[in-house]
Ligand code: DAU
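Given as structure tokens, the chain that follows is alone and in the form predicted alone.
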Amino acid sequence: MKLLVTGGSGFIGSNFIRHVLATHSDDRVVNLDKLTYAGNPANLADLEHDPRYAFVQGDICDATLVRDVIRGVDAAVNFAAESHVDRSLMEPDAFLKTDVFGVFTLLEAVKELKIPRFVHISTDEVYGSVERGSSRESDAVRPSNPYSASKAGGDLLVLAHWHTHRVPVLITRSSNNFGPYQYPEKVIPLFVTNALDDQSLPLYGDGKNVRDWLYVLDNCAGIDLVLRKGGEGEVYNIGGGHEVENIVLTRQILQLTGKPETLIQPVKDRPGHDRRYSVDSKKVRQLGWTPRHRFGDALAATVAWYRAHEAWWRPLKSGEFRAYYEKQYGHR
């Protein structure tokens, strides 16, 4: 297959590209990425000389560019998104532009050029907070912050193009991802790198919010399976099955980094903080997917990766990141 991967220089997208090229020797990938703060060319530096890989810098909201790069591909996989809840509370307009209008631009190109397959990467956060049980693909979306609302809007546009025009779309909604190459604003890389530098770990509220953690390579395998075997017009949840309270996760990170719990710094909770996410993954499991990495092992491997790759993350935690960090946590 020839694939267009949008947002391929980000965390999940770069891991997906590497997964595809490692497991499908005849596939080719074109990576379209705007290279915002979270898009990092270093994430795929090892593929620069691979003849099966090509990079194009650009915005998925640019309709002319999108038509040019998508023409002739066998499938497009859309990872491009603004993806951090905290930032969406500060600057929601950027989320609406990329996560809604950008998705619309891609869909229109897929429809016009009759691209055979379009996989849209979404999130379990569109279901909103789940007090008990697990969200199914047929459940209504109930987003509770600008990020999840923008992602839900993109999902609905994708499904509308299926119902109205029979555009061959699929959606994956994964639980919280972690692993190598994750920008250090997210909780695991933030807490790991802060701990390695003996800096405080800003823990929201009482720390009892629950997230279901999914190792990024398991998510990539699930997305790849949906791309090749999923049913058109269908949504697939991909959950790790490892629900952990944030305080428990924080303590595990401190144990793995050999740092004291005195580094934990409770801070004022963010507005509308969802208490718990949980998804039912039976549907994707019926396609043959199952997570292969135990949470504890994958977390230890992730901590070891950040410990060994200071040259990757340390430059990221200056400049733009430092200004964001002070704005986000300074008043708390």
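Treat the numbers as computed from the prediction; the structure is a model and nothing was measured. We number the residues from 1 along the sequence you see.
From this point on, the text means the form predicted in complex with this ligand, which you will not see here.
Only one of 255 to 263, 132 to 140, 82 to 90, 163 to 171 lies within 4.5 Å of this ligand in the model of the complex by heavy atoms, and it is 82 to 90.
Each of 147, 176 and 190 is positioned with at least one heavy atom within 4.5 Å of this ligand in the model of the complex.
203 is the sole member of 109, 100, 75, 203 with a non-hydrogen atom within 4.5 Å of this ligand in the model of the complex. Listed residues 52, 273, 67, 282 were compared with this ligand in the model of the complex; 273 is the one with a heavy atom within 4.5 Å. Not displayed here, this ligand is approached by residue 123 to within 4.5 Å at the level of heavy atoms in the model of the complex. This ligand is not drawn, but in the model of the complex it has no heavy atom within 4.5 Å of residue 242. Though the partner is left out of this view, residue 186 does reach within 4.5 Å of this ligand in the model of the complex, counting heavy atoms only. Taking the partner from elsewhere, residue 295 is found to have every heavy atom lying beyond 4.5 Å of this ligand in the model of the complex.
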